[in-house]
Each structure stands twice: as C-alpha cells, then as structure tokens.
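Form predicted on its own, single chain, as structure tokens, below.
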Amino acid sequence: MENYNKIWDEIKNELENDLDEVVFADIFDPVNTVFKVVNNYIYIVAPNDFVKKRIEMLYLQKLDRYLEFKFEDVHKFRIMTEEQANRELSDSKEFSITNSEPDLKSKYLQGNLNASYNFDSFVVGNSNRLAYTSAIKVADQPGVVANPLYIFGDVGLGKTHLMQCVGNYILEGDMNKKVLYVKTDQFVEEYVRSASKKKFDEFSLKYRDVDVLLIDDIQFLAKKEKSQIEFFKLFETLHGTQKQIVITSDRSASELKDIMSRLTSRFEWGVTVDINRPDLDHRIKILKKKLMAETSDSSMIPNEVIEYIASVFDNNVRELEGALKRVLFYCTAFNLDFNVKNAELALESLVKPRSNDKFLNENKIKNVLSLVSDYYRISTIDLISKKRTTKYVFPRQVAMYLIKTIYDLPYKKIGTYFNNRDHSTVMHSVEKITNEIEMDRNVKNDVEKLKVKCGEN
C-alpha cells in the first residue's frame, strides 16, 4: 500500500503543476489517501460527495492517463467519500490489496518538457498544418531534415506546444537523447550569472552537451549583445555537429529587431514555418479535443455551446481553452445545465470587455494607470517612464497585464500608453505577470485586488 500512496503523491505533484492553484487546493489538496486496490482499481478518498462528483465528472479520465506512465498493466482510479470509507472499515475492520504490486514503469523526461505536449494532443488545421508536418519530420529525423526549424506566430497559438512535441517524440524513441528546452530570457539570465561568477565552463557544458536544443521566444535576445554572441557560438557548434535546433519567435527572422544579422541569417538556414490564428472549424476541433482531456464524458457539453465559445474567442488557443474551462467550472460549481445561456453567464465578464473595445476611451486606461500607481506608491509619470529599476518595472508590468486581460487591446496599442514601447516588451510583461500569478500567492492577491478596483468582478 505504501507504494500506491507514493504513486498518488507523485500524481498530486503533477496535478499541482498542471491545474489552476485554486482548483487544485479545492479539489485535490484534501485527497490524501489510497484506501484500497482491488482488481487494478485504485480507490482514493475524497472528503465529501461534492468533491467526489467533481473529480468523476471533470478529472477522472485525466487521472487515469497519469497511471499509464506508472504501471506496465492497466490501472484505473475510483473515488470514495470519507463516509463510504468509514462505513466499509466499520463493516470489515480491515482491507487488503488483492493484487501484487507491479513494478513502476520508468519514464524518462529531460529538459523540463511538459509530457502532455505531444503530437496526439496537437489539433491540426489550416492555420498550422505546415508547421505540424515540418515538426513531425524534424522529430523523426533530428539534425537532418530541417536545421534549424524556426516557428513563428502570435502568442497563444501553440508554438511552445509544437516545439515540445518534437522533444517528447525524440525522447520516446530514445530515452538517452539529451533534449533541452529553455526560454530565451532564461538563457540570457544564466549567461549573465555565469559571466558574473566566471563559470563559463559549467554554462557551456550545459548548452553544448545536448542532442536537441529547443529555445523559446528568441525575440527576447534583442539588445542583449553579449548573449547574442554566446548564442551565435552555441548555434555554430550545435549546427556543425548536426544537433537539432528548434526556435520559436513572435515574428519571422527577417523582422527581428536589434539582433545581429549574422545570427538572424542563420535562423533562415533550415525551414521557417508560421502558425496563424485558427479559423472557426479549427477552433471547434480544438475545444472538442480539450473537452476530451478535461472530462470523462466529452458529450457533456452540447455542440451549440462549443460553437458559441468558438465564435466569441477567436484571438488565440490559450484564451479559447481558458473560456472552456471557465464554462466547465461555472456550470459544475453551481450545478447548472450546459447550455448557451449559462455559458454566456459564465463568460460575461470576459466577453464584455472584448465587445466594448471600440468604445474604449482614454479615461479607462488612465484609470488603470492611476490605480496601479497609487497601489505601488509611485507616480503615474514614473509608471509609464523608461526607468528600469524594479520599483517601477514591476508595477509597469502589472499595469500592462491588467490592460491586456481586462480590455484585450493589441500589444502594440498597449505599448503606446507606455512611451511607445515595442509590442514584444508588452507581451513579455504580460507573460511574466501571468507566470508570477501562478507561482507567487502575494502577486496573485495584488492583481486580484487591482482587478476589483478596476471594476473587474
């Protein structure tokens, strides 16, 4: 039984990384015990019937998929309430495992890859078909077909997903391959740190001793001259030894700014593919695939609800999937039918600012800037200035995040309110605060308070 509890603890850790912090705390945090194992069914104990039903309706299929990596033979989860477990204990006074415990299936992943990012979970449509086909060929013959593979497109369209599909596919074929995934800003930070500590050997070994390098958001190398030189040398070394390089960016290599030309020209040596916004049919396919991953009953949401969500959220895949999760959570939490009317209620606060974009006036933006300035006790002039100390940079990033999430303005438009900053700077700020919210409860609380002050309920 100890081995099964250990496996459940491992799965909980994975769930904590995959799920929203609040959802995990409400649903899975109190589920701590494997009660029994019978005929390869693992019974875990939920605190009450509400949590039991939530898990069974929304997450049971997801839990079973985690088990595929833990055992050689098929195992599945079953959910009991504490009341049911106590009743069974009082009847029998003991329970036993009827199966011998199988060995754990070893699963090797390297390079901080997300195991759920695989080609099966990537939904193909007209907007990404060439990128998908190219990625499969690269994964099948790394270092041979297209080196580098350069994928570009707007935020939230699946570039990172597709990049990591390549890494996971290669590892599934050969677990001894060294695959490294890294964001560009992380690469820059590590280089600066190694330079300050004069530990170049350690830095060089990490990045050059790989078979596959996956580097995300290369546009953030802009204006980082020394890091560009270091990456140029790394590129030359890996490419010269036929090690596969996959790069993502928000724009084509020829449109990159403040990156030396000898580096951008090398980005075009291999194959360049773009990912565009999905059309309506593609968005519907994405939602149906996501629904299968999120629930044990993919038919629980009628087609008209799926079509409604797909028709409203046409900007990127990330917000599309977020809207679906919101509808699932809202209707389940309040025990409502899945219909268009309830979907509209669930998404009202998200749809309203989108439909009001054309009526947005300067006063609303000034209000956000004023509220953020007051909250962090700095002047609005300093908030929108080009001062680069943390005292001003972090509040500025929060302000950009709030304007994007509340009013969904284009990144370029947001940049005009901050001394005409480049849209990539705004995008980076929004993504940084998004990550901070997930990792830091204090940041999350601050942002939620500011949303309320801005009138976002």
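Computed from a prediction, not measured in an experiment: that's the story for all the values here. All residue numbers are counted from 1 along the displayed sequence.
Heads up, the form predicted in complex with a small molecule isn't pictured, but that's what we're talking about next.
Though only this chain appears here, would K159 touch the small molecule in the model of the complex if you measure heavy atom gaps against 4.5 Å? Answer yes; at least one heavy atom of K159 falls within 4.5 Å of the small molecule in the model of the complex.
Could you confirm whether T184 comes within 4.5 Å of the small molecule in the model of the complex, counting heavy atoms only? So T184 does not count as contacting the small molecule.
Does T241 reach the small molecule in the model of the complex, with heavy atoms at most 4.5 Å apart? It does not: once the small molecule is placed as it appears in the model of the complex, T241 has no heavy atom within 4.5 Å of it.
Using a 4.5 Å heavy atom cut-off, state whether Q219 contacts the small molecule in the model of the complex. Because no heavy atom of Q219 falls inside 4.5 Å of the small molecule in the model of the complex, the answer is no.
Taking the small molecule in the model of the complex as the reference, which of K290, H75, K137, K224 has a non-hydrogen atom within 4.5 Å? None of the others qualify; the residue that does is K290.
Which residue among F71, F338, F203, Y117 has a heavy atom within 4.5 angstroms of the small molecule in the model of the complex? Comparing distances to the small molecule in the model of the complex, the residue within 4.5 Å is Y117.
Counting only non-hydrogen atoms, choose the one of 299 to 307, 371 to 379, 317 to 325, 142 to 150 that falls within 4.5 Å of the small molecule in the model of the complex. This holds for exactly one stretch, 317 to 325.
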